[in-house]
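Read the single chain below, which is given as structure tokens and is the form predicted on its own.
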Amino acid sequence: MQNQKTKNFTSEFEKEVFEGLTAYPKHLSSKYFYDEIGDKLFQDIMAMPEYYLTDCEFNILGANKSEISALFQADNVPFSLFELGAGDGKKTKILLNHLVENKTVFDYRPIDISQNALDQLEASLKAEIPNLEVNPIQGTYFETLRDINQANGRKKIILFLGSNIGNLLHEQAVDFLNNLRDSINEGDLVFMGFDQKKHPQTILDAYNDQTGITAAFNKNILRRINRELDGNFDLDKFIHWEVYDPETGTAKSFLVATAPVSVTIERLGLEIRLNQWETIHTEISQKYDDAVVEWLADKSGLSIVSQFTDAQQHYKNYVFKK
């Protein structure tokens, strides 16, 4: 039986796991894919040939770094460059190198939920761009947006790369963008990646690679529950399944039980059962076109300053202001 009595949770992870696994249908948040194992798996995903998003954005930044940097320093004042979900910083280093080489006065503030990712990023930046001032911030997007609002009085540029906005349904995205708007001032800029609608098979291949890396990434949340919350999920009894709806532009990831499953999570005092073929929804990845991005901006009190795209228009980076 599922135990739904009132709980005293010691972390947001405990609370969200309990709520997600006692809901119907069951769900878990993709933000908990990330730990030391998950960080490495996501780096592997970004290196996959099927995962076009990384190469597209890498090429956009490389081809337009001078124009993008000029936008950031148009008024010739020092600024802080915040990055939400910084990860390994591979793409961002294109801009960071260009700014430092041009003696731009700024500091870089990478933000990530994973302290492991931040530690690795800070170490690599010290080795590769020693003259860069780095001030890492650990936390979730919504937590850190409050901190950004209280920043040092400098002009702010906020990076949100990798189409991470796509992890939010449109209503959630509007809430997020409203919070983002409230954390910036006149003259501040937001530079954000949006994966574009395209051939459905291209999208499915990006999230359902044949080598199983994406499956392992999704299953890592079960591994974390086992390790951190004393759970006993049998990962071999779940398959990763991806669907894409070209009408709404929504890709969804699921973990599907291939047999009846009983799971005990000791730290939560929780027992759950899944029927054969029952699902745990783990992630969405929204795809966009110009009309949807313009609608999101309008609903959020933002305006589009500029946009950059790759040769095939598979991916776009938009620049917003308040």
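Each residue number is its position in the shown sequence, starting from 1. These numbers were taken from a predicted model, which means no experiment stands behind them.
Keep in mind the form predicted together with a small molecule is missing from the figure; the text below concerns it.
At a distance threshold of 4.5 angstroms between non-hydrogen atoms, Phe58 is out of contact with the small molecule in the model of the complex. Mapping the unseen interface onto this chain, Glu283 counts among the residues with a heavy atom inside 4.5 Å of the small molecule in the model of the complex. When the small molecule is considered in the model of the complex, Phe42 lines it closely, a heavy atom lying within 4.5 Å. Residue contact check for Tyr32: none of its heavy atoms lie within 4.5 Å of the small molecule in the model of the complex. Contact with the small molecule in the model of the complex, judged as any non-hydrogen atom within 4.5 angstroms, is confined among 34-42, 256-264, 269-277, 62-70 to 34-42.
Taken together, the three residues Phe194, Asn317 and Phe320 lack any non-hydrogen atom within 4.5 angstroms of the small molecule in the model of the complex.
Only one of Phe106, Phe238, Tyr244, Tyr207 comes within 4.5 Å of the small molecule in the model of the complex through a heavy atom, and that residue is Tyr207.
Scanning Ser80, Thr144, Asn220, Ser163 against the small molecule in the model of the complex with a 4.5 Å heavy atom cut-off leaves one residue, Ser163.
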